[in-house]
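First, one chain by itself: the form predicted alone, in C-alpha coordinates.
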(Lines give C-alpha, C1' and ligand atoms only; values in the text may rest on other atoms or scores of the structure.)
Protein backbone atom coordinates (compact mmCIF):
# COMPACT_ATOMS: atom_id res chain seq x y z
CA UNK A 1 0.00 0.00 0.00
CA UNK A 2 1.45 3.35 -1.06
CA UNK A 3 1.80 5.66 1.92
CA UNK A 4 1.66 9.33 1.04
CA UNK A 5 3.19 12.20 2.88
CA UNK A 6 1.21 14.72 0.89
CA UNK A 7 -1.82 14.30 -1.27
CA UNK A 8 -0.58 15.76 -4.50
CA UNK A 9 3.09 15.47 -5.29
CA UNK A 10 4.54 18.51 -6.92
CA UNK A 11 8.11 17.87 -7.91
CA UNK A 12 10.67 20.12 -9.37
CA UNK A 13 13.54 18.89 -11.32
CA UNK A 14 17.04 18.59 -10.19
CA UNK A 15 18.60 19.03 -13.49
CA UNK A 16 18.14 22.39 -15.16
CA UNK A 17 18.85 22.84 -18.81
CA UNK A 18 19.58 26.17 -20.31
CA UNK A 19 17.26 28.53 -21.86
CA UNK A 20 14.36 28.79 -24.08
CA UNK A 21 13.64 32.01 -25.82
CA UNK A 22 15.21 35.39 -25.31
CA UNK A 23 18.54 34.16 -26.69
CA UNK A 24 20.79 36.40 -28.72
CA UNK A 25 22.30 33.74 -30.99
CA UNK A 26 20.42 34.16 -34.27
CA UNK A 27 22.19 31.11 -35.70
CA UNK A 28 20.78 28.83 -33.02
CA UNK A 29 18.70 25.93 -34.28
CA UNK A 30 17.44 22.66 -32.91
CA UNK A 31 20.29 20.71 -34.48
CA UNK A 32 23.23 23.12 -34.22
CA UNK A 33 24.91 25.42 -31.76
CA UNK A 34 26.85 25.30 -28.50
CA UNK A 35 25.29 24.66 -25.11
CA UNK A 36 26.63 24.80 -21.57
CA UNK A 37 25.24 22.47 -18.91
CA UNK A 38 25.68 23.16 -15.20
CA UNK A 39 25.22 20.17 -12.93
CA UNK A 40 26.75 18.01 -10.24
CA UNK A 41 30.48 17.39 -10.45
CA UNK A 42 32.39 14.21 -9.62
CA UNK A 43 30.97 10.78 -10.41
CA UNK A 44 27.65 12.26 -11.57
CA UNK A 45 29.44 14.35 -14.19
CA UNK A 46 31.64 11.45 -15.29
CA UNK A 47 28.75 9.06 -15.76
CA UNK A 48 26.33 11.61 -17.22
CA UNK A 49 28.99 12.43 -19.79
CA UNK A 50 29.42 8.78 -20.68
CA UNK A 51 25.77 7.73 -20.64
CA UNK A 52 24.01 10.83 -21.99
CA UNK A 53 26.27 13.55 -23.41
CA UNK A 54 28.60 11.38 -25.51
CA UNK A 55 25.73 9.50 -27.26
CA UNK A 56 23.94 12.85 -27.76
CA UNK A 57 26.91 14.48 -29.48
CA UNK A 58 27.28 11.41 -31.68
CA UNK A 59 23.64 11.77 -32.75
CA UNK A 60 23.83 15.59 -33.02
CA UNK A 61 27.44 16.29 -34.11
CA UNK A 62 26.71 19.96 -34.86
CA UNK A 63 25.80 20.69 -31.23
CA UNK A 64 28.81 21.26 -29.00
CA UNK A 65 28.21 20.45 -25.33
CA UNK A 66 30.27 21.81 -22.43
CA UNK A 67 29.58 20.54 -18.91
CA UNK A 68 30.47 22.76 -15.94
CA UNK A 69 30.58 20.76 -12.71
CA UNK A 70 29.08 22.28 -9.56
CA UNK A 71 29.64 21.05 -6.02
CA UNK A 72 25.93 21.04 -5.21
CA UNK A 73 22.61 22.61 -6.15
CA UNK A 74 23.18 25.64 -3.92
CA UNK A 75 26.42 26.39 -5.76
CA UNK A 76 24.60 26.01 -9.06
CA UNK A 77 21.85 28.40 -7.96
CA UNK A 78 24.39 31.00 -6.81
CA UNK A 79 26.19 30.79 -10.15
CA UNK A 80 22.97 31.26 -12.09
CA UNK A 81 21.97 34.23 -9.96
CA UNK A 82 25.32 35.94 -10.49
CA UNK A 83 24.94 35.59 -14.27
CA UNK A 84 21.22 36.39 -14.48
CA UNK A 85 21.68 39.54 -16.55
CA UNK A 86 23.91 37.75 -19.07
CA UNK A 87 23.49 33.96 -18.76
CA UNK A 88 26.33 31.78 -19.91
CA UNK A 89 24.64 28.44 -19.16
CA UNK A 90 21.81 26.92 -21.13
CA UNK A 91 20.93 23.88 -19.02
CA UNK A 92 21.01 23.40 -15.23
CA UNK A 93 20.71 20.16 -13.28
CA UNK A 94 19.73 20.58 -9.65
CA UNK A 95 17.68 19.26 -6.77
CA UNK A 96 13.99 20.04 -7.08
CA UNK A 97 13.81 21.91 -3.78
CA UNK A 98 16.42 24.30 -5.17
CA UNK A 99 14.99 24.48 -8.69
CA UNK A 100 11.73 25.62 -7.09
CA UNK A 101 13.62 28.64 -5.78
CA UNK A 102 15.20 29.16 -9.20
CA UNK A 103 11.79 29.07 -10.87
CA UNK A 104 10.44 31.64 -8.42
CA UNK A 105 13.55 33.77 -8.95
CA UNK A 106 12.84 33.91 -12.70
CA UNK A 107 16.07 32.08 -13.56
CA UNK A 108 14.39 29.37 -15.63
CA UNK A 109 11.68 29.40 -18.25
CA UNK A 110 9.11 26.88 -19.42
CA UNK A 111 9.96 24.29 -22.02
CA UNK A 112 8.11 24.12 -25.32
CA UNK A 113 6.18 20.79 -25.38
CA UNK A 114 6.53 20.71 -29.15
CA UNK A 115 10.33 20.83 -28.83
CA UNK A 116 10.51 18.55 -25.78
CA UNK A 117 7.86 15.90 -26.57
CA UNK A 118 9.40 13.41 -24.13
CA UNK A 119 7.98 15.54 -21.29
CA UNK A 120 4.63 13.87 -21.77
CA UNK A 121 6.06 10.48 -20.76
CA UNK A 122 7.61 11.65 -17.47
CA UNK A 123 6.25 9.96 -14.35
CA UNK A 124 3.66 12.15 -12.62
CA UNK A 125 5.97 12.45 -9.61
CA UNK A 126 8.45 14.23 -11.85
CA UNK A 127 6.13 16.62 -13.66
CA UNK A 128 6.26 20.32 -12.87
CA UNK A 129 3.43 22.80 -13.36
CA UNK A 130 3.75 25.27 -16.19
CA UNK A 131 6.10 23.06 -18.26
CA UNK A 132 9.09 24.03 -16.15
CA UNK A 133 11.98 21.58 -16.09
CA UNK A 134 10.79 18.09 -15.16
CA UNK A 135 12.59 15.31 -13.33
CA UNK A 136 15.54 13.80 -15.15
CA UNK A 137 16.46 11.34 -12.38
CA UNK A 138 14.89 9.76 -9.31
CA UNK A 139 17.15 8.81 -6.44
CA UNK A 140 16.21 7.43 -3.02
CA UNK A 141 17.42 7.47 0.56
CA UNK A 142 19.15 4.26 1.65
CA UNK A 143 21.36 2.83 4.39
CA UNK A 144 25.02 2.15 3.74
CA UNK A 145 27.12 -0.03 6.03
CA UNK A 146 30.59 -1.51 6.23
CA UNK A 147 31.53 -5.17 5.92
CA UNK A 148 31.78 -5.56 9.71
CA UNK A 149 28.05 -4.93 10.24
CA UNK A 150 26.21 -8.19 10.94
CA UNK A 151 23.40 -8.89 10.35
CA UNK A 152 22.85 -6.65 7.36
CA UNK A 153 20.36 -3.84 8.15
CA UNK A 154 16.92 -4.08 6.57
CA UNK A 155 15.09 -1.21 8.25
CA UNK A 156 15.80 2.34 9.41
CA UNK A 157 15.45 1.05 12.96
CA UNK A 158 19.03 -0.24 12.73
CA UNK A 159 20.23 3.34 13.20
CA UNK A 160 18.85 3.26 16.75
CA UNK A 161 20.56 -0.03 17.66
CA UNK A 162 22.72 0.72 20.78
CA UNK A 163 25.63 -1.34 19.45
CA UNK A 164 26.25 1.32 16.77
CA UNK A 165 26.32 4.22 19.22
CA UNK A 166 28.89 6.76 18.09
CA UNK A 167 29.26 5.00 14.74
CA UNK A 168 26.36 6.61 12.81
CA UNK A 169 26.59 9.34 10.14
CA UNK A 170 23.57 11.51 9.26
CA UNK A 171 23.99 14.63 7.08
CA UNK A 172 21.87 17.18 8.92
CA UNK A 173 19.14 19.47 7.63
CA UNK A 174 19.12 21.59 5.47
CA UNK A 175 20.83 18.77 3.56
CA UNK A 176 17.78 16.89 2.38
CA UNK A 177 19.22 13.55 3.47
CA UNK A 178 18.69 14.58 7.08
CA UNK A 179 15.39 16.18 6.14
CA UNK A 180 14.35 12.96 4.43
CA UNK A 181 15.05 10.82 7.48
CA UNK A 182 12.98 13.24 9.57
CA UNK A 183 10.09 13.00 7.09
CA UNK A 184 10.26 9.21 7.02
CA UNK A 185 10.20 8.93 10.82
CA UNK A 186 7.46 11.54 10.98
CA UNK A 187 5.30 9.53 8.58
CA UNK A 188 5.96 6.25 10.40
CA UNK A 189 4.67 7.90 13.58
CA UNK A 190 1.52 9.05 11.79
CA UNK A 191 2.53 12.69 11.47
CA UNK A 192 1.69 15.09 8.64
CA UNK A 193 4.78 17.18 7.91
CA UNK A 194 2.72 19.97 6.36
CA UNK A 195 1.38 20.61 9.88
CA UNK A 196 4.07 19.34 12.24
CA UNK A 197 7.35 17.40 12.27
CA UNK A 198 7.32 16.90 16.03
CA UNK A 199 7.18 13.06 15.84
CA UNK A 200 10.13 12.96 13.45
CA UNK A 201 12.09 15.44 15.55
CA UNK A 202 11.52 13.31 18.66
CA UNK A 203 12.92 10.26 16.87
CA UNK A 204 16.03 12.16 15.79
CA UNK A 205 16.51 13.52 19.29
CA UNK A 206 16.62 9.90 20.45
CA UNK A 207 19.15 9.13 17.70
CA UNK A 208 21.41 12.15 18.37
CA UNK A 209 23.65 10.53 21.03
CA UNK A 210 24.56 7.78 18.54
CA UNK A 211 25.54 10.14 15.71
CA UNK A 212 29.27 10.42 15.11
CA UNK A 213 28.89 13.42 12.80
CA UNK A 214 26.06 15.44 11.31
CA UNK A 215 28.38 17.12 8.81
CA UNK A 216 30.49 14.31 7.34
CA UNK A 217 33.95 15.38 6.23
CA UNK A 218 34.92 13.51 4.15
CA UNK A 219 31.59 12.21 2.87
CA UNK A 220 29.74 9.34 4.51
CA UNK A 221 30.64 6.95 1.68
CA UNK A 222 34.32 7.36 2.52
CA UNK A 223 33.74 7.16 6.28
CA UNK A 224 31.79 3.91 6.02
CA UNK A 225 34.12 2.33 3.46
CA UNK A 226 37.16 3.10 5.63
CA UNK A 227 35.49 1.63 8.72
CA UNK A 228 35.45 4.97 10.56
CA UNK A 229 31.64 4.69 10.71
CA UNK A 230 29.41 1.62 10.63
CA UNK A 231 26.10 2.96 9.32
CA UNK A 232 24.99 6.07 7.43
CA UNK A 233 22.12 7.39 5.40
CA UNK A 234 22.99 8.15 1.79
CA UNK A 235 21.66 8.52 -1.73
CA UNK A 236 21.22 5.24 -3.54
CA UNK A 237 22.82 6.02 -6.91
CA UNK A 238 26.16 7.13 -5.49
CA UNK A 239 25.98 4.43 -2.82
CA UNK A 240 25.52 1.66 -5.39
CA UNK A 241 28.33 3.07 -7.53
CA UNK A 242 30.76 3.35 -4.61
CA UNK A 243 29.75 -0.06 -3.28
CA UNK A 244 30.81 -1.61 -6.58
CA UNK A 245 34.10 0.29 -6.45
CA UNK A 246 34.76 -0.73 -2.83
CA UNK A 247 34.76 -4.45 -3.70
CA UNK A 248 32.61 -5.35 -0.71
CA UNK A 249 33.98 -2.96 1.92
CA UNK A 250 30.82 -0.85 1.72
CA UNK A 251 27.33 -2.22 1.10
CA UNK A 252 23.89 -0.78 0.42
CA UNK A 253 20.52 -1.61 1.97
CA UNK A 254 17.31 -0.31 0.41
CA UNK A 255 15.17 -0.52 3.55
CA UNK A 256 12.08 -2.71 3.60
CA UNK A 257 10.06 0.21 4.94
CA UNK A 258 9.39 3.75 3.73
CA UNK A 259 11.84 5.88 1.79
CA UNK A 260 11.74 9.10 -0.22
CA UNK A 261 12.67 10.03 -3.75
CA UNK A 262 15.29 12.70 -4.27
CA UNK A 263 14.42 14.35 -7.56
CA UNK A 264 16.78 16.02 -9.99
CA UNK A 265 15.22 18.23 -12.63
CA UNK A 266 16.52 19.45 -15.94
CA UNK A 267 15.84 23.12 -16.54
CA UNK A 268 16.08 25.65 -19.34
CA UNK A 269 17.92 28.82 -18.30
CA UNK A 270 16.00 31.99 -19.05
CA UNK A 271 17.60 33.93 -21.89
CA UNK A 272 19.79 30.97 -22.72
CA UNK A 273 22.31 31.75 -25.46
CA UNK A 274 21.16 28.63 -27.40
CA UNK A 275 17.59 27.81 -26.43
CA UNK A 276 16.77 25.63 -29.43
CA UNK A 277 19.80 23.39 -29.12
CA UNK A 278 19.31 23.32 -25.33
CA UNK A 279 15.79 21.96 -25.71
CA UNK A 280 17.03 19.38 -28.19
CA UNK A 281 19.42 18.18 -25.52
CA UNK A 282 16.80 18.23 -22.77
CA UNK A 283 14.44 16.18 -24.90
CA UNK A 284 17.21 13.65 -25.51
CA UNK A 285 18.10 13.45 -21.81
CA UNK A 286 14.43 12.78 -20.98
CA UNK A 287 14.09 10.13 -23.68
CA UNK A 288 13.61 6.45 -22.84
CA UNK A 289 16.93 5.34 -24.31
CA UNK A 290 19.15 7.79 -22.43
CA UNK A 291 17.10 7.32 -19.26
CA UNK A 292 17.62 3.56 -19.39
CA UNK A 293 21.33 3.95 -20.13
CA UNK A 294 21.88 6.26 -17.16
CA UNK A 295 20.04 3.82 -14.87
CA UNK A 296 22.24 0.98 -16.12
CA UNK A 297 25.35 3.14 -15.68
CA UNK A 298 24.75 4.74 -12.25
CA UNK A 299 21.53 3.35 -10.73
CA UNK A 300 19.43 6.51 -10.87
CA UNK A 301 15.84 5.40 -11.34
CA UNK A 302 14.38 6.53 -14.67
CA UNK A 303 11.72 9.22 -14.78
CA UNK A 304 10.45 8.35 -18.27
CA UNK A 305 7.72 5.73 -17.94
CA UNK A 306 8.75 4.16 -21.27
CA UNK A 307 12.39 3.62 -20.27
CA UNK A 308 13.47 -0.02 -20.04
CA UNK A 309 16.68 -0.34 -18.04
CA UNK A 310 18.01 -3.78 -17.24
CA UNK A 311 16.19 -5.69 -14.51
CA UNK A 312 19.48 -5.98 -12.62
CA UNK A 313 19.96 -2.21 -12.49
CA UNK A 314 16.30 -1.43 -11.76
CA UNK A 315 16.39 -3.95 -8.90
CA UNK A 316 19.07 -1.81 -7.24
CA UNK A 317 16.75 1.21 -7.09
CA UNK A 318 13.61 2.06 -5.13
CA UNK A 319 11.76 2.08 -8.47
CA UNK A 320 11.88 -1.71 -8.47
CA UNK A 321 8.21 -2.82 -8.80
CA UNK A 322 8.63 -4.72 -5.51
CA UNK A 323 9.70 -1.54 -3.69
CA UNK A 324 7.99 1.38 -5.39
CA UNK A 325 4.94 1.31 -3.11
CA UNK A 326 7.15 2.20 -0.15
CA UNK A 327 8.19 5.54 -1.68
CA UNK A 328 6.51 8.38 0.19
CA UNK A 329 5.01 11.26 -1.75
CA UNK A 330 6.61 14.54 -0.76
CA UNK A 331 5.55 17.99 -1.92
CA UNK A 332 8.99 19.57 -2.12
CA UNK A 333 7.56 23.04 -2.61
CA UNK A 334 6.10 22.74 0.90
CA UNK A 335 9.44 21.43 2.19
CA UNK A 336 11.20 24.42 0.62
CA UNK A 337 8.78 26.82 2.29
CA UNK A 338 9.48 25.26 5.69
CA UNK A 339 13.26 25.01 5.31
CA UNK A 340 14.13 28.00 7.50
CA UNK A 341 11.72 27.04 10.28
CA UNK A 342 13.01 23.46 10.28
CA UNK A 343 16.60 24.70 10.35
CA UNK A 344 15.87 26.41 13.66
CA UNK A 345 14.16 23.28 15.01
CA UNK A 346 17.19 21.18 14.10
CA UNK A 347 19.62 23.60 15.72
CA UNK A 348 17.66 23.91 18.95
CA UNK A 349 16.17 20.45 19.40
CA UNK A 350 18.36 17.92 17.58
CA UNK A 351 21.91 19.21 17.10
CA UNK A 352 21.93 20.83 20.55
CA UNK A 353 21.49 17.36 22.05
CA UNK A 354 24.49 15.91 20.23
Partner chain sequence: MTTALHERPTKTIPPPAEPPRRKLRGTVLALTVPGLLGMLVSFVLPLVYLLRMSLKTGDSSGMIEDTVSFHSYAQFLTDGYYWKMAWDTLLLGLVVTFFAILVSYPIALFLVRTESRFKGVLIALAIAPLLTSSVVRTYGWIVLLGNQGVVNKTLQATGLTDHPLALVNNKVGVYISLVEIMMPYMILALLAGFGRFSTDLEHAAASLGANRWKVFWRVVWPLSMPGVLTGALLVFVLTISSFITPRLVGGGRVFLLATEIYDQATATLNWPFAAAISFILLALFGFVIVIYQRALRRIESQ
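Nothing here was measured: the structure is a model prediction, and the numbers come from that model. Numbering follows the first chain given and starts at 1.
This next part talks about the form predicted together with the partner chain, which is not shown.
In the predicted complex, the partner chain sits within 4.5 Å of a heavy atom belonging to residue 105. Although the partner is absent here, residue 77 lies within 4.5 Å of the partner chain in the predicted complex, judged by heavy atoms.
Contact check for residue 155: no non-hydrogen atom falls within 4.5 Å of the partner chain in the predicted complex. By the criterion of a heavy atom within 4.5 Å, residue 81 is counted among the residues contacting the partner chain in the predicted complex.
For the candidate set 237, 211, 182, 232, a heavy atom within 4.5 Å of the partner chain in the predicted complex is found for exactly one residue, namely 211. This chain is displayed alone, yet in the predicted complex one of 177, 127, 101, 225 has a heavy atom within 4.5 Å of the partner chain; that residue is 101. Residue heavy atoms within 4.5 Å of the partner chain in the predicted complex occur in exactly one stretch of 69 to 77, 110 to 118, 184 to 192, 279 to 287, and that stretch is 69 to 77.
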